[in-house]
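Single chain ahead, written as structure tokens, the form predicted on its own.
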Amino acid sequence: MKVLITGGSGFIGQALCRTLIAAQHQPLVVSRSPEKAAKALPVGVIARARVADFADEAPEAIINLAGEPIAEGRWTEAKKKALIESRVNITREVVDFCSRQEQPPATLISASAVGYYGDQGSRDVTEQTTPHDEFAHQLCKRWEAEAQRAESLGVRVAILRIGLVLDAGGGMLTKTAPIFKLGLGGKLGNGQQYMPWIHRNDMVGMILFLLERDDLSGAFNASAPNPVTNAEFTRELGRALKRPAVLPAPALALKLVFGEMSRLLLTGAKMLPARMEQAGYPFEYRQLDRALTDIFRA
């Protein structure tokens, strides 16, 4: 199967390309720097600069992962605009690409994020939970709506609301693990905010699961079945690294440094993969302690 991937040279995309190649699929990666991307990806991946550059390949599926990192720096108005445009514009390109194909791709799997739900406190959050209206929700809502336009073209659309993706070599652990290794790690604020997480292996597994299951569409929570609070995450990360985790970051300090973006650090959602479990996805990593042990054992 020819699979067009935006964001294919990123943290999730690289692992996805390796898995697709191993399964004898053909990844077609959109990257602003195709030559650089090709060096980071497995042999056999085709990388080009724009979605439109793959018109002659007639991909059978599209996986849309592109988007500027959201948890970096303060959310100025310019930053908010860039965050929205980086997601909405590439998704619009993808849907427009589908509309121009004589035979549109059968499937579009498009990323979204746990931020869709906004701050949900300690209540269980499934795909049916009413979101809290704040910037992260508005961003994800527009992102998802753009992808869902492909349904009118006869394309099956699946949305993945992604939690924190964990593995070595990238993602949030690249930033946090070095701090914990120095013995400087600790909870954020009061530590009671939930952090839905997913191992990168399961993230890739979910994408392949949705590629193969043509009976599945709509929104899916992409997280492990056992979300943890920030305090629990901190404790488990310290244990996996054999380091203390006793230096908390006060909420006031985070707010002063990061402004509105601090909400990503100080609020959360106890997101549960209700639809994935109902569909029978076989999680490899259900518990955080096992996931972290395996990641740092490598």
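From 1 onward, residues are counted along the sequence shown. Remember, predicted model here, so these are calculated numbers, not experimental data.
Omitted here: the form predicted together with a small molecule. The next part is about that form.
S.K.: State the residue from 148, 86, 126, 101 whose non-hydrogen atoms include one within 4.5 Å of the small molecule in the model of the complex.
M.R.: Filtering the options by heavy-atom distance leaves 86.
S.K.: Which pick from 45, 66, 240, 249 sits with a heavy atom within 4.5 Å of the small molecule in the model of the complex?
M.R.: The option sitting close enough to the partner is 66.
S.K.: Even though the small molecule is not shown here, does residue 276 get within 4.5 Å of it in the model of the complex, heavy atoms only?
M.R.: Judged by the heavy-atom cut-off of 4.5 Å, residue 276 is well away from the small molecule in the model of the complex.
S.K.: Look up in the model of the complex whether residue 94 has a non-hydrogen atom within 4.5 angstroms of the small molecule, and give yes or no.
M.R.: Output for residue 94 is no: heavy atoms all beyond 4.5 Å of the small molecule.
S.K.: Does any part of residue 163 reach within 4.5 Å of the small molecule in the model of the complex? Heavy atoms only, please.
M.R.: Flag for residue 163 set to yes.
S.K.: Is residue 12 part of the interface with the small molecule in the model of the complex - any heavy atom within 4.5 Å?
M.R.: Contact check for residue 12: yes, within 4.5 Å of the small molecule in the model of the complex.
S.K.: Each of 177, 226 and 285 having a non-hydrogen atom within 4.5 Å of the small molecule in the model of the complex: is that the case here?
M.R.: No.
S.K.: Quick check for you: of 210-218, 178-186, 149-157, 109-117, which stretch puts a non-hydrogen atom within 4.5 Å of the small molecule in the model of the complex?
M.R.: Going through the listed ranges, the match is 109-117.
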